[in-house]
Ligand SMILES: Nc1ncnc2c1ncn2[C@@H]1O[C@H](COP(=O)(O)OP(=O)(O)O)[C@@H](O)[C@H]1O
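A single chain comes next, written as structure tokens; it is the form predicted on its own.
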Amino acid sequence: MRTGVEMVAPVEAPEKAVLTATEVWKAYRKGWWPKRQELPVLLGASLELMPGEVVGLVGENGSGKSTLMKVLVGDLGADSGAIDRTESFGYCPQVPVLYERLTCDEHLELFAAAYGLGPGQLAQSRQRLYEELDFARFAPTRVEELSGGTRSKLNLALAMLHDPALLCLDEPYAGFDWDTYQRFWDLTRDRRGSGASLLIISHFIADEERFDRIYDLVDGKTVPR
């Protein structure tokens, strides 16, 4: 018996991107008028990351990759364009921002306080990252005594400490040996499996199959590969 009421299946809302950059322009300026010079770097760069994606951003040295990354994380203002980003993100800069006289443990404690992590959350995340990146033996060691590779491990661990939904990583495996490079991709696979998204900048990509999508930064614009 028909009632005259037609049942319609609910439509699932589309997934929201965790990061969207639209037509980002950025130029560096130096000097004073009337001899002020302008160096255009980004000329309308756009990209998007959906939940659970691993996306690469590739370009030659000086192409503007790190400038775009700094704009995406809010470390640098764009001249124009729009950025829409989840509040839950971690940033691993190309050059580690570390305090020479603090130990690895002290860095993790400092960043945990900034992220608002409780003692239990810190203990769990710290143990996991020490194991995943294999540098627990350096927990009590000051940064000034660490090798470049171990500094890079700590730099990456600080970005991942609070288990963010989005990771923005600028040359994250520079200085890693082969074992740590493999550990990095194991770690990436695990984070992706839990729904996190990763934007990875590099001047070259050897393992394209590890990425869902790749953008090339060419003449200030992002070009999907």
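When you see a residue number, it is the position in the sequence shown, counting from 1. Everything numeric in this text was worked out from a predicted model, so none of it was measured.
Below: the form predicted in complex with this ligand, not depicted.
Using a 4.5 Å heavy atom cut-off, which stretch among 177-185, 190-198, 38-46, 153-161 contacts this ligand in the predicted complex?
Among the listed stretches, the partner-contacting one is 38-46.
Within a 4.5 Å heavy atom cut-off, is residue 94 in contact with this ligand in the predicted complex?
Yes, residue 94 sits close enough to this ligand in the predicted complex that at least one of its heavy atoms falls within 4.5 Å.
Can you tell me whether residue 62 touches this ligand? I mean in the predicted complex, with a 4.5 angstroms heavy atom cut-off.
Judged by the heavy-atom cut-off of 4.5 Å, residue 62 is in contact with this ligand in the predicted complex.
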